[in-house]
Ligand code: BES
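A single chain comes next, written as structure tokens; it is the form predicted alone.
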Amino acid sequence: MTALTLSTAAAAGLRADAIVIGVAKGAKGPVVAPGAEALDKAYDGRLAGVLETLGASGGEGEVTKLPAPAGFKAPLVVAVGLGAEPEKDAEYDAEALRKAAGVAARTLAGSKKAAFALPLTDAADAGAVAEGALLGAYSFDAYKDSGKDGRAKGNGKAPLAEIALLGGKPRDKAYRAAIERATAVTEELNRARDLINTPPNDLYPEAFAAVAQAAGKEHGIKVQVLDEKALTKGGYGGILGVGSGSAAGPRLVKLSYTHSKAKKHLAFVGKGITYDSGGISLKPAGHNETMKCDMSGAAAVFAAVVAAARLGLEVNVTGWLALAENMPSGSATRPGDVLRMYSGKTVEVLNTDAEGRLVLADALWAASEEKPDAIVDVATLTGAMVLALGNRTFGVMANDDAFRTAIVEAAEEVGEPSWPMPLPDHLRKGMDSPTADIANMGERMGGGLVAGLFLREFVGEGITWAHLDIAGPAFNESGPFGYTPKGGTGSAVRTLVRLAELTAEGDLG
């Protein structure tokens, strides 16, 4: 785990493997960002020119390495692009700082210590840099053979071990709080990434539930686990139906974080399909390899609840993890079967690969019974949302326009791209069933919206609700970028945590 500290040390005298500075894209060439004044002085004020000679432009994600000048104990300077230079008197955007710090941390994998001399105007900037650096330093090597030095043989480099934030104020309460928040959120987000990246033979519903139970004991969160017997007794037909084809039985996990001063109650519901083969409606070849990520919504909910507890937020947060493995077998649910859901409604299953909405439906109704102030569900729900918004943006649907807007704004604030999506009532008719109350499929066009309309049917009357379809950004199959690694990303964790903070502060609803 990467260690991070605030430091008042001078850049020249700090013993480290590298000094990280920022460079922006100016109108006439690269511009050295605040924080690197000592280095620029050592280069006789010509650092920008040196960087330009080496090909630097200041573009986002760009990395330029050069030897440190005489008098500096660190041998290397890593200049990382911040994107466009802010207008006069404007500050660097928090997301630009996060991304730059993340790129630098990834670049310095294998190093023991790096000093980050990026622009720090206030505590919020320190938090952004810390967040980006800690997320960028993430590595998942649990299944790679390691040598005696502990370094994974697969890539030969361990994550950056230590980060010193130059320009920080260790004695300042706001700076300390920003670092503590960044550490808690990123550690839990990285734990969500670990869960997403864990192979499905090791992370099945019971195993996921055990992880939640252990975290509950550690952080004072009450955890209740419903196994097959309890689910059968309770009538959770959706979760049982999806999990019926697997030798690994389904689970519904409830995590309850409460605060004595809380005035509001939020419920987060996560889709936790630990592996999705499609069931009897088997996925075609080439679509199965990454389906361990179909529990990303549950991972996000789990991480957000634990982060809320670690931060001591004055809000009650309940997390519901709807866990099942969707497999084909002689006992699996068939297309044409009718399931009686926990709410009492019946659902005709037309496609067993539209399983996420079935487990979420039961969990949404269970969450509704407690009458929280709002419910937010998170799921890798539809390929249609990926077609609509691409691989880096999640869709937001809601039964309340103001709540949907608040979520989109919160996501933007923390650096998670999202987009508001509608719930057109005319699409509901496509799910009419001659046999049951509703079918689990509707019109093909607008499939992501149809899924949202299905979920809306299982939200208690009068309860504010939103649905986050994270199918695009939950799992990164391409190369790493910014602070985002290849593989599980932890999408929506920071948005959920921010929603909890806003609710605790009385700024949401």
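Since we're looking at a predicted model, the values are computed, not measured. Residue numbers here begin at 1 and follow the sequence given.
We do not show the form predicted in complex with this ligand, though everything after this point is about it.
Within 4.5 Å of this ligand in the predicted bound form, counting heavy atoms only, one of 393-401, 204-212, 270-278, 340-348 shows up; tell me which.
The contacting stretch is 270-278.
From the list M441, A68, A466, I463, which entry has a heavy atom within 4.5 Å of this ligand in the predicted bound form?
By the 4.5 Å criterion, the partner-contacting residue is M441.
Give me the residue from L51, L449, A33, A471 that has a heavy atom within 4.5 Å of this ligand in the predicted bound form.
Looking at the other structure, the residue within range turns out to be A471.
Contact flag, L381 vs this ligand in the predicted bound form, heavy atom cut 4.5 Å
Yes, contact at 4.5 Å.
If we define contact as a non-hydrogen atom of the residue within 4.5 angstroms of the partner, is R98 a contact of this ligand in the predicted bound form?
It does not: once this ligand is placed as it appears in the predicted bound form, R98 has no heavy atom within 4.5 Å of it.
Does this ligand come within 4.5 Å of any heavy atom of L166 in the predicted bound form?
L166: no contact with this ligand in the predicted bound form.
Taking this ligand as it sits in the predicted bound form, is R357 in contact with it (heavy atom to heavy atom, 4.5 Å or less)?
Taking the distances in the predicted bound form, the answer for R357 is yes, it comes within 4.5 Å of this ligand.
Does any residue in 169-189 get within 4.5 Å of this ligand in the predicted bound form, counting heavy atoms only, and if so which ones?
Residues within 4.5 Å: none.
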